[in-house]
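Single chain ahead, by itself, as structure tokens, in the form predicted on its own.
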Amino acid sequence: MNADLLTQAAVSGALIGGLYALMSLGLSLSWGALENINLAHFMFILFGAYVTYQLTSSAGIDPLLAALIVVPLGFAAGGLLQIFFEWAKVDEFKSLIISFGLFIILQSLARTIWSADFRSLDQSINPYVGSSFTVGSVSLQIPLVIAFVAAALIAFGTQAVMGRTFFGKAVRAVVHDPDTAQAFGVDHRRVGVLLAAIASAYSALAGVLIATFQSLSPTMAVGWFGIVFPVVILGGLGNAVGNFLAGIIIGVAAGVAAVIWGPLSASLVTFSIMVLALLFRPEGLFTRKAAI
């Protein structure tokens, strides 16, 4: 086996693992802190990608600048959905069923608006597609480097906010004892809505980054289930840095496995890691000290 090929696979896997982490962080925060298994996050990612595609192809703006519109839209959508969950008194199981229904509805809406055909940004308006630079014998795709850096900054920044700010302390108080938190003046509904909005904004940003280098299809969101859930489970619910590290592990393992045993083995390795984590470390591989 060519050592350079394995190195390339591992490095590329680590970079795309950063994107996996960003895709997973919204669901991880929602599930860990709000006890909502919110499958709508997959559609926030998809619509983030499609709206980026639409803004760039129609207005000719830089795809990354589309985040200035897409991320606030994701923030608002997530907050409104959490307001509905609060109003309807949706529990963990109901959130799974309701958000799955919403997933199907939004997927159908995406198919109606953009059709089932693959769509991608042309290189004439997307300076990132196909762009790369080389370090030694390793080629680094610029969109993946951007995604990795963004994921690292957001993961460590989120962990710092949760551990050192009043908002983070309020979130932890609501998670552990909402009644006591309410007695001390913490509005658990407002905290929940704000956290859900932030989590959805993260998902929308992941969609922006996906649009810079991938073709888009309404059905691609289904394939993300096999990426996001293993990362969330491996990293630990609500553990932002754990999710970042788990994304890298999944990305590297899948990339190396694809080179050694073929592309079809990537999913097998990913789910094997998830099963082993559930059996031996159901709370996640990484310490929960800094988690929610």
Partner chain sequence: MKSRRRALTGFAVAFLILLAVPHLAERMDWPGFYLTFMFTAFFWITQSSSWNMLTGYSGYFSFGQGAWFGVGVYTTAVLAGKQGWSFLAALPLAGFTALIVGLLLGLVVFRLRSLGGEIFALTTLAVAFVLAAIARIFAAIDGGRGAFMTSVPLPEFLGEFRPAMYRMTLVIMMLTLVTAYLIYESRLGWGLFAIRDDEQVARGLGVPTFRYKMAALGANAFFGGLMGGVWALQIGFVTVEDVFSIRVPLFVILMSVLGGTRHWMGPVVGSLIIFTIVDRFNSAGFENFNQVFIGSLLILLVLAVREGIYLRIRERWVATASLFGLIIAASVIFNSSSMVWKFLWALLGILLMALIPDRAWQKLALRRRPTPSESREDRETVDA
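What you are looking at is a predicted structure, and each value in this text was computed from that prediction instead of being measured. Positions refer to the first chain, counted from 1.
Another form exists, predicted together with its partner chain; not displayed. Remarks below refer to it.
- Comparing 88-96, 72-80, 151-159, 196-204 against its partner chain in the model of the complex, the single stretch with non-hydrogen atoms within 4.5 angstroms of it is 88-96.
- Its partner chain is not shown here, but in the model of the complex it comes within 4.5 Å of a heavy atom of Leu237.
- Not displayed here, its partner chain is kept clear of Ala40 by more than 4.5 Å at the level of heavy atoms in the model of the complex.
- Within this chain, Val145 is remote from the site of its partner chain in the model of the complex, having no heavy atom within 4.5 Å.
- Its partner chain in the model of the complex is not approached by Phe47, whose heavy atoms all lie more than 4.5 angstroms from it.
- If you take 267-281 and check each residue for a heavy atom within 4.5 Å of its partner chain in the model of the complex, you get Ser267, Leu268, Phe271, Met274, Leu278, Leu279, in sequence order.
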